[in-house]
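Single chain ahead, by itself, as structure tokens, in the form predicted alone.
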Amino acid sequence: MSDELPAEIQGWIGEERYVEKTEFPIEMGYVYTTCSSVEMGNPLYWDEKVAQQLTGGPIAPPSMISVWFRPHQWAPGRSKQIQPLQVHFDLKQALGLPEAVMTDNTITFGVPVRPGDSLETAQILRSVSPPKTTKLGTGRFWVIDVVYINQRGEHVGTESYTGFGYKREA
């Protein structure tokens, strides 16, 4: 594996890729279903009076930030399947690294996501390491940020992922 990072991939660093908008406005049905599935009884998400007192109205749990961009298996007019974190898969293919794991995930939150909001996201490749050899194999580490903003241009959150793409040793 060459130490040199291909020019095409160097050009991706810092570039907004895969800019997407939510397929539907944020709605409380998803919030209730998510909270119910993990038995989260926090009244902030269930009681409108509590939400009004604490946050000025209903909000979605911050940990749901990526839920709004998990593509449905099918949607009218869609000609190809959408994958979350597409930059990760692009890197695996472009670098010839068939295996990959996520080694770190950090989420930074901004303003709350509220019912009726429409969100936009972009994936930004921040860095790609020189080749490294670990117990898994030889490959590269990369950092990808997924930035989320609402329809008012306010930052609602950023997920930072560190991945390691590699080839297993023979």
Partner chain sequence: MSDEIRNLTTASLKEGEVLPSLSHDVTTSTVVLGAMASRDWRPMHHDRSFAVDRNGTKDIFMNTPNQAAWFERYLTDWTGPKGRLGKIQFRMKDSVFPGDTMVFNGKVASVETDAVGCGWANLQLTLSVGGKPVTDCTARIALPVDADDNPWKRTGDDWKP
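Every value quoted in this text rests on a predicted model; they were computed, and no experiment measured them. The term rigid core refers to the maximal set of C-alpha atoms that superpose within 1.5 Å between the two forms. Positions refer to the first chain, counted from 1.
There is another form of this protein, the form predicted in complex with the partner chain, and it is not shown here; the text below is about that form.
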Quiz item: Pick from Ser127, Thr134, Ser66, Ser118: which residue has any heavy atom within 4.5 angstroms of the partner chain in the model of the complex?
Solution: Ser66
Practice problem: Tell me, yes or no, whether Glu48 is in contact with the partner chain in the model of the complex, where a contact means a heavy atom of each within 4.5 Å. | Solution: no
Quiz item: At the 4.5 Å heavy atom threshold, is Ala122 in contact with the partner chain in the model of the complex?
Solution: no
Practice problem: Give a yes or no for Pro61: in the model of the complex, does one of its heavy atoms lie within 4.5 Å of a heavy atom belonging to the partner chain? | Solution: yes
Quiz item: Heavy atom to heavy atom, is Ala100 within 4.5 Å of the partner chain in the model of the complex?
Solution: yes
Quiz prompt | Interface residues of 84-108 toward the partner chain, as seen in the model of the complex [heavy atoms, 4.5 Å] | solution = Phe89, Pro98, Glu99, Ala100, Met102, Thr103, Asp104, Asn105, Thr106, Ile107, Thr108
Quiz item: Can we say the CA of Gly137 moves by at least 2 Å between the shown form and the other one when the core is superposed?
Solution: yes
Quiz item: Any CA movement of 2 Å or more for Phe109 between the shown form and the other one, core superposed?
Solution: no
Quiz item: Rigid core fitted, is the C-alpha displacement of Thr34 between the shown form and the other one 2 Å or more?
Solution: yes
